[in-house]
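Presented as structure tokens, the chain that follows is alone, the form predicted alone.
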């Protein structure tokens, strides 16, 4: 026997359950150190619960003509903008003590992702709650599965390996000047440092596949992200007072290709190439001049 309020309660339960589970599976702690464990995980799951509650009861509240509740929920949703500030502050604090900086662009991109994922949870819970309220629990679960797979799809983005060719390159010195192939990187005046580079360093050339990729790789924040991820995954032969061993990324002004030299703890060129290919293309660095009329003419 149906009791008053049962569809409302079932819609809320299904929406909250699916929303929190989606957020849980989107939480992945890795070398980029987000979210911090365990407190960051708990914080984001708590925020996911709030977002799921907001989304799951939005449609049932409208159908029950609880307009005051809907207004309150809309106000609460605006507070998720603070999530970006929270993640930005945390990552900036981590960056101050790291050997290799992420850079402001990388940090801002991560913060945007965390804000957006709460909206994904809210929207998924809204769909599940609405399907359960208008249909039944099975419709809600079906929509929940679709929302889960869609959220996984939305988590993905472009990576360097999709926009550029990444290949190994030889490094050499001309006097104190360090080169990767014919691309000059920096001047190293100490003989012992030069010997360390010749013994342990690895060189990579990143060649953009089109003008869009060339413009993306020209962004300094994107290059800082490449250096950071390479250093995090392979380790770095560097301490706070040995800045000469920091990874160096330089751009060829004529061709747009990018050269990288790193002195890793693990000297494995295959792992380095794979690490660079998997570096995400930052939102702030992604530009598409070829989509404009002027850009197309300039590339001809």
Partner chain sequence: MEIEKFILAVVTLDRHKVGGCGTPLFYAADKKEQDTIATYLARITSGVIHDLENGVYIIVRH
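Since the model is a prediction, treat every value here as computed from it, not as a measurement. Positions refer to the first chain, counted from 1.
Here the subject shifts to the form predicted together with the partner chain, a form of this protein not shown in this document.
**Q** Any chance all of 177, 188 and 191 sit within 4.5 Å of the partner chain in the predicted bound form, going by non-hydrogen atoms?
**A** Yes, the whole candidate spot contacts the partner chain.
**Q** Please name which of the stretches 110-118, 208-216, 132-140, 180-188 has residues with heavy atoms lying within 4.5 Å of the partner chain in the predicted bound form.
**A** So the stretch in question is 180-188.
**Q** Give a yes or no for residue 253: in the predicted bound form, does one of its heavy atoms lie within 4.5 Å of a heavy atom belonging to the partner chain?
**A** Residue 253 lies outside the contact set for the partner chain.
**Q** Verify the contact flag for residue 242: yes if a non-hydrogen atom of it lies within 4.5 Å of a non-hydrogen atom of the partner chain in the predicted bound form, no if not.
**A** So residue 242 counts as contacting the partner chain.
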